[in-house]
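Here you'll find one protein chain in two forms, each presented separately as structure tokens under the names structure 1 and structure 2.
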Structure 1
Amino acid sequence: MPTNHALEFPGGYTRSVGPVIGRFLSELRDGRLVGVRAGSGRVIFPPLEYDPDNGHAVTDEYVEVGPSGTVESFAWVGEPLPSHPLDRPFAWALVRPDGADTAILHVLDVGEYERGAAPPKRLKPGLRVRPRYRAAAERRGDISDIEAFQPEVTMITAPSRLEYDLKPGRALDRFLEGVSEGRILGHRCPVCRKVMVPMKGLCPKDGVPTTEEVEVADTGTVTTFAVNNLPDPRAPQVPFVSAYVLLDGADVAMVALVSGLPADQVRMGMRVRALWKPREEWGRTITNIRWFEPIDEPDVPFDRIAEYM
């Protein structure tokens, strides 16, 4: 029967590191990364006593590198073992600090991910990283003084808010007045006879003023749409759909939210109706219409809405 054996140095194995590695570890303890210059001019990091390309002794010129660096390659660890340095998914990465010509193999911590998770999309060669050191009092002059490398901050989310007053002009003011009454108004062009909603006071095709008012229905057809995955205070949920809706009686589609069904079920040609807020919540604003919802009518064939895309 096989017998398990173990070789262990209970007090630890002590050896001298020499002047080159010793300089590297001393600088590491002080929170700096240094390499050594080879006779060829290359900066070797971590430092070695000999140039790995030709075996010649390195110079005594030490060069501070980093602290930022670039990931050259990596291996993702989705299921860490008890012996691994982190208890959550991480990567082993070859990181080349700025100013160095060689790379170091170390831990790359990309943040909190569930065990078994796939590597994040941002983890790829070229990712910019920098070391995360242990607290100064805990450093002892070995490679674990760097807890891990982690991505540099390249994106932030900053709260932003801009308040402004909009003077609508005569045409838009009239349109909003209609919406405040539960009516959707458009203008008919005297030349092409097309009805534009919202009314603009000018036909964008013929360039002539428009004054003839036309009330259109609050039902219409989805001509095209987009599925949005970023939160919007007006939307019921994420993902939500913003669509161009061609109202019955109009010749120009207007942008509106579409809800009342899963986002992946919205389709071109779908018939919809405006869902109005309760009357007591109305004001002079298009948001009197909460969104458009599907109605039980057959879809409109594509060739009938193609020119309104």
Structure 2
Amino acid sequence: MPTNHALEFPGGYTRSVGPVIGRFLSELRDGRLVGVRAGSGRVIFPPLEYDPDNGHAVTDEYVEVGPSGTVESFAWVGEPLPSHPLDRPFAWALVRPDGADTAILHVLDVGEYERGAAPPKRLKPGLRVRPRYRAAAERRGDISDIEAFQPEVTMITAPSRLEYDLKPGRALDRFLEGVSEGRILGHRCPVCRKVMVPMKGLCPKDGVPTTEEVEVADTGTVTTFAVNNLPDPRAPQVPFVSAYVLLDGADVAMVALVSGLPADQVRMGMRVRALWKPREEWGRTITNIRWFEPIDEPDVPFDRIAEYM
């Protein structure tokens, strides 16, 4: 049966730091990082009274370094212990401030992560970081005057939202009224006599207004199509087929989903019919037509649809 036993010197040891480390801690309390130049010219940070490479005394030249620095290496702490400086995942990192030739070991806070999280992708050697100091009044001339290093700001998020009240316009309004009654309407151009579905109230080719309403069939012919292997919010299942369907009686093919058969069996010239949603689900929207499905008719020869693509 173990017995718990704690040894703690009352008040903590009083450790004199000497002139070199004292200078470092005094500057740190003022929110600055300084290193010291060794006889070799290297800037040692945090400063020491001697060059650790050869034991020679350092010069008395103090050099301000950082505040930006570079992560040289790190150890990820996914599950911090109670004695750790942060209560969420962080890294111990060797950070070399700009202008210094050696690195300091300190806490690196890369943001909010769930306990147990894997190290984030952006945490890698080379990451640019800066110290986050405690408020000036709380600083005591102690290494923990720096709460943690944190990544430099490299990106901001810019939310943006545009909201419109859209009116379909007279022609498209009539088209939507038609589909709300299960009918597909188009306009015939007074100049070229072509029937456009859905109509916009003008012929883009002739530049004239159109008003002559024509009802077309809900059967038609696939002219050409794409087999999409990338999902879309309107067609989440892949593969899906987006096709140009030339409705019987129309002169412009419209883009629609084709379904009811495997994607690799869709053909140019295939005859299709609209599959309407149940009547009670209809609204003033083209999505009243769920998609087009093949019908049992021979394919239309290519030379009869070639001019519609």
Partner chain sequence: MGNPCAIIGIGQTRYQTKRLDVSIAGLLREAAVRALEDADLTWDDIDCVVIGKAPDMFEGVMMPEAYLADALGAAGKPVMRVHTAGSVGGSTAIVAASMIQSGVHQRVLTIAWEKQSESNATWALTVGGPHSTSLVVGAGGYFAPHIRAYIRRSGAPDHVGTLVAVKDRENALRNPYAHLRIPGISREMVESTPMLWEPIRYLETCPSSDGACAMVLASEDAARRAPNKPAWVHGTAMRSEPIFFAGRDTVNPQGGKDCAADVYRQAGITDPRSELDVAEVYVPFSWYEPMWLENLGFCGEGEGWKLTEAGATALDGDIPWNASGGVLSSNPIGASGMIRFAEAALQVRGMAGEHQVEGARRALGHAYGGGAQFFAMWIVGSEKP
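The model shown is predicted, which means the values in this text are computed figures rather than measured ones. Residue 1 is the first residue of structure 1, and the numbers go on in sequence order from there.
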Lone-chain pair; form predicted on its own identified as structure 1
Two rigid segments pivot between structure 1 and structure 2; hinge position among 82, 161, 278, 114 reads 161
Rigid two-part model between structure 1 and structure 2; small part's rotation relative to large part, whole degrees, is 46
